[in-house]
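Below you will find one chain, with nothing else, as structure tokens; this is the form predicted on its own, and questions on how it binds or moves follow later.
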Amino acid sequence: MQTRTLGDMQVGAIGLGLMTFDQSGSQPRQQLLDTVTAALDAGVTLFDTADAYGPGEEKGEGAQGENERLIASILDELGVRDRVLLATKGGHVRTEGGGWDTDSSADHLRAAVDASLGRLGVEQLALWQHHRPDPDVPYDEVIATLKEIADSGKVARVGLSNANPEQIRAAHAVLGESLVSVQNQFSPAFRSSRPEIDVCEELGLAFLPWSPLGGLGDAKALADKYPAFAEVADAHGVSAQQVALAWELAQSPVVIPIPGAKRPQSVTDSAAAADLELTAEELARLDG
């Protein structure tokens, strides 16, 4: 697999989003282990999780951090910690009843970093990302906290998620080289993050599209909803999902999609997008 730059590291051009639990709150451990193994075999080296990812809605705030614990135990069982860049996020919280909220207070973000360090079993987080802007906390205050966290040595690299161009520029002005990435939604169904991609390219930041296939439901229906992707896929003898990821990679050399996958076959198919070359004519059709 070709590689791309994330801060001071080279990672596989396709990453893996690890929001792994289904709506029932279950996750077959062996299935996840097989999926992570397939990802590694395919050259995937960026794995992304968050402290807010966890099982189904009935678990409420008790789900906080469960995905981190599960992923850490899988990587330890496989003995592959030194082969991956494991990213996590903080600032998005689970509430009772399965709801979501934000908390970007300095106390919460500092505590979130410490909690992720413990759950992941590391002395330094490889990439820690601010998950989502908090309407109750001015963004300049969030940036000041991120600077404090970066200077603490508890994180090697800082990222933003769900940030707009102005927020990205403001954070970069304060954080400098500590800021390495932006994780926003981008997919055939959601293309309005093009300005953020442009800013990332200008500033030398990696852009990590979340839900790059539009989420589980849209991913399955991608060929039906977007005929151009299906037509290009047929011409290459590959899946429409693989074409979508190749199209995203072609948007900019800073783009590193992080599709989710629950089965080994899915992650293998996604990883192959890094080596799928689309013609200028095909890209123009997909851009239309």
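All residue numbers are counted from 1 along the displayed sequence. Model, not experiment: these values are computed from the prediction.
Below, we refer to the form predicted together with a small molecule, which is not included among the displayed structures.
- Proximity to the small molecule in the model of the complex, defined as a heavy atom within 4.5 Å, singles out one entry of Ser104, Ser161, Ser116, Ser193, which is Ser161.
- None of Gly99, Gly215, Gly204, Gly176 but one reaches within 4.5 angstroms of the small molecule in the model of the complex through a heavy atom, and that residue is Gly215.
- In the model of the complex, at least one heavy atom of Tyr53 sits within 4.5 Å of a heavy atom of the small molecule.
- In the model of the complex, no heavy atom of Trp128 sits within 4.5 Å of the small molecule.
- Gly17 belongs to the set of residues with a heavy atom inside 4.5 Å of the small molecule in the model of the complex.
- The closest heavy atom approach of Arg157 to the small molecule in the model of the complex falls outside 4.5 Å.
- With the partner left out here, the small molecule still marks one of 205-213, 105-113, 146-154, 119-127 in the model of the complex; by a 4.5 Å heavy atom cut-off that stretch is 205-213.
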